[in-house]
Every structure is written in structure tokens, then in C-alpha cells.
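Quick setup: the C-alpha cells below cover two forms of a single protein chain, split into structure 1 and structure 2.
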Structure 1
């Protein structure tokens, strides 16, 4: 069933407000989660609400925390998220990096001890909105270990997503947003809720055997996700661990980390101001020429179209803004159950989603 995004956002905001978040925090979390659904990344959308509330209750993520700078100079900032909600401390870390990049032309930020920071493409878009290029590497230091190394049979790495944002004057930004593993864990949850199988060659069961059954991933012993493109994805994942884990001070994936009790993200971000590298209109003209060249390739499928990274999300968002968010019954009911658990009455819920 499809739901108005405004109604879903109101409900999610109210859930976090009743759970202990202040108004600003509840608004930021709700906006980011619903935005993930709007662009088609349902695995990082409102399906996460029950988990976030559960982690909050267990003290694995702490309400109303803010990012604090541990070290900085003109181009570098090492930032501690203080185990606050990733949507909040992620925005604050990006604001610090953006200000430095606009002043110096380049900035590097290393964020540690952030709660789950959601869809990484959001941070790339924050940069492109300011006409900056950005590249992001993310890891999870402990509880988010989900991925088998190439040739391995159990979980040793986190999902380790990467993202990049490239501004394009007069056009949609180019946004790369991908995981270094075959499938996001949230998409396994989506498949589980929908009662469907995951794609082939995406996960293995707890004995190292290939499977398409999402239940096998959560069985005892637990299964694992495979890296993309075999050894190539594995290599990218290792780089994510080093940049987001070791350099941030938030640790690489390891069950014995002091912050391994919860899903704690690190994010290493590089920000670049194209105007400081190539003056005048040179960058804009080159990007226009390049995009036209790539998109002019004759499609293999008759009537097909060449899209740039980020185009599918933009089109999905336009469709869902017009036609609503498609949420399966299990996800919607879990959202309603969570609302009740934090103290929202049935009448209040119905008013919020009207």
C-alpha cells in the first residue's frame, strides 16, 4: 500500500519525540528516513525505526547528542559523534567539513562513534548542494559485522558502503551510493518482511552454503553477506575499514572493540571545491560535455536510456512524491506497533497519518 510521505514523516517524528528525542532531533531523523524511502532505498528508510527505538532503549544510541571536534586544523577535522543518532551527528560533521572545504578548497573529516548514519548518499547531496565534490567511506566497528571476506565462510567485515557526490551545473548531481557487499542488510530485512527471496549469490548460510532464504541469514548460526565482485569488493571493503575505522579512531570491525555493543558507524569524508581547482566555467563545461558524451551511447535495449548515477533515485523520488511511499504491510504494522510502544495512542496515530 502507498502512504503519503508527509503522514509517514509526521508519524516517525512523533515516535522519536515520544521516545526521548527533542523536536529538532526527531525532525532530522524522520526527514532522513523518509527521504531514503522516497529515493527508493527502502532498506535505509522507515523499516529502521523499530531497530533505532530498540537500540535507544538499550543505550546503544543516545538521544540528543551532538558531534564534538576532537582535533582540527584548516583542512582536517576528527569528530566524535558521542553515540548520538547518525542522522544528527552526520549532518553536523558534514557542516564542519563543508565550511572548511569552501574556505580552503579541500577538507577531510573523520567521524567516529556515530549511531547508524543511514543512507550515505544524503551526505553526498549535502555537499553537491554547496557545489562541492565529496567521497565517503563508512564502516561499523562492532555490532554491524555482517560480511564474509573473499573466500571466508563467516562474518568478519561490516557492510562498508561508499558514496560520492559530483555537482553538475544546470543538471541533477551525479551520486554514487553503493555497498561493498552484494546486498545491504536492510534489503534482507525488506525481503524477510515481504516473504520473498534475496538475489542469487548475495548471502551464505551459517555453514558457508549459498542460499536465497533471508531467514537463513538470521538463523543460528547466522549467515553472512558476500562482497561485491569477489576479491575486488573485498579489497574496497578493507579500504573502508582502514579509512573509516582506523583513521577516525573509531576502530575497524572487531567484536572486541569497546564500542561494539551497538551499531556504531565511522565515516571518512573527502570534500573538494571544483572552483579552487579549475577556474571560471571550465569545470561546468567539462561536466556538461562528459555527461552528454556518456548518455549518447546507443542503448542495448530498444527504447532504452543511459542514466547517470543518481538518476534512478531522482526519478523514483518524483514518482513517490506524486503517488506515495509503497510500504509492505509488515513494515507498516511494525511502525504502528513501535508507535504504541513509545506511548502514542491509537487516536494520536490515526490523526498523524490522516
Structure 2
């Protein structure tokens, strides 16, 4: 079933406003979650609302918090998210980094103790909107431990996404956004809700055997997700833990961390201003040339097309803006249940989603 994105956004905003977020915070959370659905990353979209509300009730994420700077100079900033909503403290941390990069040409920010910061591609887009290049490494401090190390058979790493954004003059930015494991946990949840199998070579069961059954992932003992590309994805994931976890002053994934029960993210961000590196239009011309050239690689499948990182997302967004957000019944009903739990009446819900 497809829903108008405006209606879903109104409903999500109302849910957070009722749960204790101020108006601005509720808007920011709703905007980011719906944006993830619009670009097709359903695993990071409104499917998360019930967990967010649950965490809020348990004090694992705190309403109406703001980012505070622990240390800064012209090029770097260490920022504490104070366990506030990632959508809010993430934006604030990015604003700090963007201002520094515009001044110095370079900025490195290390954000710790942020609530779930959602789809990392959002932060890359925030940089490309300002004509900056960005690269992001993300970890969680404990609740998201899901991934087995290369050669290991139980969970030791988080899904640890990386993202990068490249601004393109007069065109769509190029945005890479990936988790360093084969699939994000949200995608296993989507498969579980839809009752379908996960792709091959993506997860192992609690005994270390390959499986395609999403139920095996949540069984006792729990399964684990495999890192992308074997030892390479494993190494990238370890680096996410070190940069976003340890260097930020937050924590690397560990079940004994004090904040391991709720998702607490760390994000390490590198921002670069290409205008400070390359004079004139050389950078833009080089980008244009290379993109054309890559897209001209003959497709493997007849009628296929070579896409740039970010192309699938911008196409999905155009489609969903026009045709609505497809949400499965289970996700939609969970959303309505959550709305009821935070005190929205049936009539109010009906009015919001009308």
C-alpha cells in the first residue's frame, strides 16, 4: 500500500511531539525518517518509529538535547551529542563541521553519544548542498552489535555504515551510502516483516552456518551478519569502530558499555572544500568527464545501465514523491499502534493521515 509522504511525515511528527519532543525536534525527526523512505532506504525509515519511542520511554535517547563542543580548533571538533536524537545532534554537528571546512578548506569532526543518526547519506547530502565533499564513518556503542569479524562466528561489530558525498556542478550529487556488512539489520527486519528470505551469503545462524532465513538471525542463539567482501569489509568496519567510537571519546561496540542497551552512534566526518583545492573549473570538468566515461561502460545485461552512487536513491525519490511511499501492512500498523500508545486518538490519527 502506498501512502502520501506528507501524511506519513505529519503522523510521525505528531507521534514524537506527543512523546515529548519539542516542535522543531519532532519536525526534524519526521523529515529525516520519511526522507529515508523516499530514497528507498526503508530500513532506515519510519519502520524505526516504534523503537525510537520505546528507547525514549526508557531514557536511552533523551528528547530536546543539543550537541555540545568538547574541543575545537580551526580544523577539528570533538562533539558530544548528549544522547539526544541523532537527527538533531547530527545536523548540529554537521553545521559545525561545514562552517570550519568553508573557512579552512578541511574539517574533521568526531561526534559521540548521538542517538540513532539514521541514514548516513543524509549527512553527505547536507555537505554537498554546501558544495563540500564529505566522508563519514559510523559506529554504535553496543546495541547494534550484529556483525561477525572475518573468520569469526559471533557478533563483535556493528553494521558500521560509511558514506561519502561529492557535489556536482549543475547536477545531482554523487552519494555513496553503505553499511560495511552485507545487509543492514533493518533489511533483515523488512524481510522478516514481509516473510521473505534474505540474499545468499549475507547472514550466518547462531552456530556459524550460512542461512537465508531471517528468523534464524533472531533465534536463540542469535545469528550474525557477514561483513562485505570478506576481510576487506571487516577491516573497514573495525576502522569505523576506532574512528567513530574510540577517537570521538564515545565507545566501540561492546555489550558491557553503560549505553549498550539503546542505539548510541558515533560519527567521524571528514569535510573538504574542493574550491580550496583546485582553482577554476578543473574539478567540475574532471568530474563530468569521468562520470560520462564510467556510465559508458557496456552493461553486463542487455538494456542495463551503469548507475552512479546515489542514482538509485534519486530515482526512487522522484517515483515516491509522485506515487507515494509503499509501506507494508505490518510496518503501517506498528506506526498506528505507536501513535495510539503516545496518546493520539483515533480521530486525530485519521485526520493526520487523511
Partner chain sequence: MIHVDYQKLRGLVQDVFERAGCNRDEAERIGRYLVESNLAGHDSHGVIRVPRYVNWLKEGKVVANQTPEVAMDTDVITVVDGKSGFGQSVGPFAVQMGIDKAKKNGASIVAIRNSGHLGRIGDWAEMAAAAGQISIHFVNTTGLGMLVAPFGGAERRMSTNPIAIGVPREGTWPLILDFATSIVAEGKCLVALSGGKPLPKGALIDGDGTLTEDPLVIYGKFDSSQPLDNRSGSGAIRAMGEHKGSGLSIMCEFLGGALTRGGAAQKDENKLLNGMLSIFMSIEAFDAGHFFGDEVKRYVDFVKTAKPAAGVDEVLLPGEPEMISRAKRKAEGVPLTENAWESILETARAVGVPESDLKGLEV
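Positions refer to the first chain, counted from 1. Superpose the two forms; the largest set of C-alphas matching within 1.5 Å is the rigid core. This structure is a prediction, so every number in the text was calculated from the model and none was measured.
For the form predicted on its own, the corresponding chain is the one labelled structure 1.
The two forms, fitted on the rigid core, differ between structure 1 and structure 2 by less than 2 Å at the CA of residue 323. Once both forms are fitted on their rigid core, the CA atom of residue 59 lies less than 2 Å apart between structure 1 and structure 2. The two forms line up on their rigid core, and residue 302 then has its Cα shifted by 2.5 Å between structure 1 and structure 2.
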